[in-house]
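Presented as structure tokens, the chain that follows is alone, the form predicted on its own.
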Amino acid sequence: MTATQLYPGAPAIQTIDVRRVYKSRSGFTFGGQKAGKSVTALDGVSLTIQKGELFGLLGRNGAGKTTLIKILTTLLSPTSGEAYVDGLDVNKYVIPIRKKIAMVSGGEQSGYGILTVREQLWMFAQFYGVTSQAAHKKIDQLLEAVGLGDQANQKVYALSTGMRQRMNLCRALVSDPEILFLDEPTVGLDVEASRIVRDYVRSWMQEKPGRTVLLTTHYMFEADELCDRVAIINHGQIVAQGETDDLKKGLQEHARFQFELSEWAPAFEEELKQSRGVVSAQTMNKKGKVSVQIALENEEYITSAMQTISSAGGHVLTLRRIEPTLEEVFMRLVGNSDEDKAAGEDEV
């Protein structure tokens, strides 16, 4: 039986209780743990990512994101547990897996600066066995798609950071991979460059059903915009996973609303706090604009809250519901410890 026939209908990516333990280097810390000690970068990670999904892996630096990516791209072996890419064991089928995947990392080196952009991409196409004719056609399509058509014959060393990262994306896609790993692909990029990368990743997936992306990021808005499902990893463990809307709904304990008022009096807030169903009320006054954020036991209490403001002499100009954000979910689950902030990324 050939490698590609091992698990017909298998998920694009699957991990089962994957652990990775390092011996920390002398003089270094790893994930906040002291050097010389055994360090657990991944502690029983189980994930299933179906073909056609854009899946987000969210976590702080040192949480285990990069270690997991390295295992799935055959750069590391798990200490224990099982990991499969398109049904292939990452320990047994390194070459077949590498033919199916590509990877882009934020801040990675962009290859050979003396080459032109076209030469750089052509060279990588040859590594994957793409014919010259097909490679040149593909390179033209990719460069135009990411807004680098005019830079095709420019030396790599002369490119801006954003241009280099867009070129790296083209480099990863020139071999037409089935599964794309994006490890912090927009870190350090400006707004426009980040948007171009996100837009093309989305359109690339839509071109061909079954293409799969695993995105690691600590930009919550990016994950919220792009991902079908996400998993949050902290200290090497998955603490939550699911569709972003479901995770946000699960977080929301109270219905939250914001009023904008034409005028303000201290009595408004006090009256609101005493109103039926109001859990909390907070006033904000910025540049003459007065707004009140309230949390309610149930959204049905919004009518009585508005009546309370009206009775106190307030006039409501606008009203909007405040939806929970993925960042709030992340902070609720992961916390905000100084130790986590100080920890470096999980490099070997």
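Position 1 is the first residue in the sequence shown; the rest follow in order. In this text, all values refer to a predicted model and were calculated from it rather than measured experimentally.
Note that the form predicted in complex with a small molecule isn't included here; everything after this is about it.
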Can you tell me whether residue 308 touches the small molecule? I mean in the predicted bound form, with a 4.5 angstroms heavy atom cut-off.
no
I'd like to check something about residue 61: if you look in the predicted bound form, is any of its heavy atoms closer than or equal to 4.5 Å to a heavy atom of the small molecule?
yes
So, in the predicted bound form, is residue 184 in contact with the small molecule at a 4.5 angstroms heavy atom limit?
yes
Quick one: does residue 39 come within 4.5 Å of the small molecule in the predicted bound form, counting heavy atoms only?
yes
Contact with the small molecule in the predicted bound form, heavy atom within 4.5 Å, among 155, 195, 100, 218 goes to 218
Can you tell me which of 308-316, 53-61, 277-285, 292-300 lies within 4.5 Å of the small molecule in the predicted bound form, counting heavy atoms only?
53-61
